[in-house]
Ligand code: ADP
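Single chain ahead, by itself, as structure tokens, in the form predicted alone.
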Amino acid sequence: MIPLSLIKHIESALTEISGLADRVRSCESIGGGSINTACRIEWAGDYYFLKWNSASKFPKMFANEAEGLHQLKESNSITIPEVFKVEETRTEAFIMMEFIHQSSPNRTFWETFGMQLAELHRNTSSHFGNIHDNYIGSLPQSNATHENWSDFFVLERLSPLVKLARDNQRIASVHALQFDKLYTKIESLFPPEKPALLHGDLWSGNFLINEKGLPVLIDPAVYYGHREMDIAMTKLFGGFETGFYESYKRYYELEKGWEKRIDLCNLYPLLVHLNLFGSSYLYDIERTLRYFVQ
């Protein structure tokens, strides 16, 4: 399953990581998302998570992922898997990480998750954005810094994806004009807040439940942004348990009207999905534009 061209690099990395000489005993295929190939590797009696792709297809994707995981881990807010190795060969790139043994959520899972996300969001920066760009799904995500959220949201999130959708005929000129009108309102629609450290792609497929029944965040698209972006993303595909939101608000109260801004925040991930997967996401975009652009 692992490309032959990668085997010697992976075995060298595992020898370095574990301090033990061995060979790959097994490689069990597991979900790596819609972009990468992933497996659980057995080496010297332990397990590791391996994910790989073409080195040229998504430049620096794994290096950016590792940097984002490192930023989240440094916050000491929530469990993040350890990154052991990121490497590019002539043809492939891979990331080697701690393998998370999964179980069922414990009794206070959702309350703990809400509290820990609130703690994560209390990590702040002087600007919106990040020191490095990354990816959202397979789309490049610019994190160029801005002093205010409205500029960042328009220039680094909405506008590039509206242009991409327009260029690829995923939206019509009427939609682009509605977005132009929306841009003039963004500053008045969001309450002012400090930049918050965000996971950036927080849906149900991007957290695990470890052996202790606690949340573990994976596959981030990290930047400093308005914290309602993470909250809104959790609502995009059905929402988390009620206890998650109640706990979050106990530790970090959300500004008045946050629920009305969920769809506004989710214009960004909807545009991502529209560009990646097609017109089935256009209806929700149109509905949100009608609501916010009179």
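These numbers come from a predicted model, not from an experiment. Heads up: residue numbers just count along the shown sequence, starting at 1.
Below: the form predicted together with the named molecule, not depicted.
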- Identify, from the list Asn64, Ser247, Thr234, Asn36, the residue with a heavy atom within 4.5 Å of the named molecule in the model of the complex. Asn36
- With the named molecule left out of view, choose which of Trp43, Tyr268, Phe49, Phe240 has a non-hydrogen atom within 4.5 angstroms of it in the model of the complex. Phe49
- Query: Looking in the model of the complex, any heavy atom of Glu92 within 4.5 Å of the named molecule?
  - Reply: no
- Task: Give a yes or no for Leu208: in the model of the complex, does one of its heavy atoms lie within 4.5 Å of a heavy atom belonging to the named molecule?
- Result: yes
- Message: Given that the named molecule is not shown alongside this chain, does Asp133 nevertheless sit within 4.5 Å of it in the model of the complex, heavy atom to heavy atom?
- Response: no
- Message: in the model of the complex, is there a heavy atom of the named molecule that lies within 4.5 Å of any heavy atom of Phe109, even though the partner is absent here?
- Response: no
- Note on the structure: With a 4.5 Å heavy atom cut-off to the named molecule in the model of the complex, the contacting stretch among 191-199, 158-166, 176-184, 214-222 is 214-222
- For the heavy atom contacts within 4.5 Å of the named molecule in the model of the complex, list the residues of 85-104 involved, in sequence order. Met97, Glu98, Phe99, Ile100, Gln102
